[in-house]
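The form predicted on its own is given below as one chain in structure tokens.
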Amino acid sequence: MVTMSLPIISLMIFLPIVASVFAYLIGRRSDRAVRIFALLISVAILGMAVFSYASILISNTGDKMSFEEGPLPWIPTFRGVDYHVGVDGLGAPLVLVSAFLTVLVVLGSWALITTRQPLYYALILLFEGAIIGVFTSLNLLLFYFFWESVLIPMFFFIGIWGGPRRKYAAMKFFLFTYVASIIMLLGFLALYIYAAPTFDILELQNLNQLAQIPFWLQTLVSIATFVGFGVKLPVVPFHTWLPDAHTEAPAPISVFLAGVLLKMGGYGFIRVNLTILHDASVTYGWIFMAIGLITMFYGAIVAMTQKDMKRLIALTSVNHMGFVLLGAFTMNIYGVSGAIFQMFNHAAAVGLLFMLTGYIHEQTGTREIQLLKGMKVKMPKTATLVVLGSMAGMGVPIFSPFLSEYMVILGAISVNTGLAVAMLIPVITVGYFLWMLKRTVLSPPDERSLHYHDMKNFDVVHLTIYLIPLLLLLIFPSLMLNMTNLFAEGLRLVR
């Protein structure tokens, strides 16, 4: 277990939250100053995230909680409501990718966001602190507090800087996720009332190992968490908010939506269902895996029908998050470790694709696939990045998403050979990406088409950074798997 006197987790949570206030005040005087301030804070958080991740990786403690703080009394009136945070082989990769994407979102926003910048960058920092709070909370009530806090900046991101239907999309996003979160909270309260008067996740895990959480209660809470986590992931049929939110959100915010907000659902399923609700997860795991398969097929097939590039990429997220649900409930090392790996890989790959849609819209005035002809001639830099991003999205074996998808499918087949049907999903994914590339990058220029201009060299460098971890983790997968495998083994999951 890694420990240190400096409260690094609390710093990663509260430094950006406090800095968000200063960002707003600085931005009232200078837009340029607030952009630089937000970048400096986000780079500082990334440095702490890299340090914590590297420390856990080097010490081989992915199966234990590291940098733990607390439990410290938060609401003394109620027993078990404490401030308790820490990271392990599940939380550390998600904290790292959250900090990594925040830096890139700040950089990408410089060219794409030109209005109300003080509020915008303040909300980015607020979002970063809240999302890291979700991935590090070891108390269910604290977890819920940060879970709901994430909704606030995201609602304003969509509602203020979104597209023509931004108000509808923001309200739909808020209502879906808020109602689902209330149902999830009722499940947490049921555990507190009927299992033990505590919200501490580690205490509840110990109760589960001692078989002291009744099966009927686990079943009831599993239903509640399925709604809460399923809407965030999202799974079919709770996914309908996602295409609208992505279509209307500005491109940098779509990176947050797909890159980290969706991961809250996958994280919740693994952190809560697989550990605290183990018996119910074993008994009903086939239902979760079936829903994961349906989600994978639905997202892939519906993506094939899209005409808007950004909406197509949004539905690939539904497809790829189905892998996470399927892998988690295989409850073996291949599936669980692959699911965590998939969340990290998807965040970087889809982050690049969503950011590209923003640049393409800025450069051409449209995201309509049929109108984006001849990109390889008129926008060669953009076209190259679209090809590379699509290759990462479809799991071509030069990028690490290939490994995580392979691990999930291997884990599923080891549970039931019938789940080999999941191997069809990558084929469909390749199909719709190639369909999109043929009509945009590989098609001949149409002289009647829109005016094009290519992106600047700074933007090319910024967007290329998304691909670095995907290449690095293909060459050195142990940088991720040495941590996630230890976490999966530490769960002692028995089917």
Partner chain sequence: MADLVQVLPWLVWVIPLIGALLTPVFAHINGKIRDIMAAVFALGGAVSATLLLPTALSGETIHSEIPWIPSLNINAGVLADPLSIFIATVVAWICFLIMVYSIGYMHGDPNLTRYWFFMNFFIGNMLLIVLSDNFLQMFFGWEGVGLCSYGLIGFWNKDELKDYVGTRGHTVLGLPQAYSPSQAGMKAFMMTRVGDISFLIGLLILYYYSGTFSFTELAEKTGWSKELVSAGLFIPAAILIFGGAVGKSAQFPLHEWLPDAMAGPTAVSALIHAATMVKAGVFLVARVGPIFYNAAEVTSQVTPLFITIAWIGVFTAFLAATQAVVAKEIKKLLAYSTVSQIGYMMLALGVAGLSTDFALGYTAGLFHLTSHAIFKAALFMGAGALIHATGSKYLHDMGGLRKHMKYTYISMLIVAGSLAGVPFLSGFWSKDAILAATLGASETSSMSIIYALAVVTAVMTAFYTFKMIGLVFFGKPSEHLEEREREGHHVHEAPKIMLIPYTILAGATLAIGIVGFFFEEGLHEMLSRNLEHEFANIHIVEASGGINPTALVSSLAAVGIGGFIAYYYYIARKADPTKITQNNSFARGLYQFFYNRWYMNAIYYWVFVKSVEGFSRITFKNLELGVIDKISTSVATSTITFSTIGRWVDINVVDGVSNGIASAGKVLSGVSRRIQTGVTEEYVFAYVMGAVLLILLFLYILLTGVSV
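Positions refer to the first chain, counted from 1. Quick caveat, the model's predicted, so the values are computed rather than measured.
What comes next is about the form predicted together with its partner chain, which does not appear here.
The candidate stretches are 187 to 195, 251 to 259, 220 to 228, 275 to 283, and the one lying within 4.5 Å of its partner chain in the predicted complex by heavy atoms is 187 to 195. Within 4.5 Å of its partner chain in the predicted complex, a heavy atom is found for not a single one of I9, V18 and M455. Its partner chain is not shown here, and in the predicted complex it never comes within 4.5 Å of any heavy atom of P76. A residue is said to contact a partner when one of its heavy atoms sits within 4.5 Å of a partner heavy atom; K438 meets this definition for its partner chain in the predicted complex. Using a 4.5 Å cutoff between non-hydrogen atoms, L371 does not count as a contact of its partner chain in the predicted complex. Contact annotation for G395: at least one heavy atom lies within 4.5 Å of its partner chain in the predicted complex.
Interface residue among W110, F156, F146, F288, judged by heavy atoms within 4.5 Å of its partner chain in the predicted complex: F156. Taking its partner chain as positioned in the predicted complex, the residues of 464 to 487 that bring a heavy atom within 4.5 Å of it are, in sequence order, L474, I475, P477, S478, L481, N482, N485.
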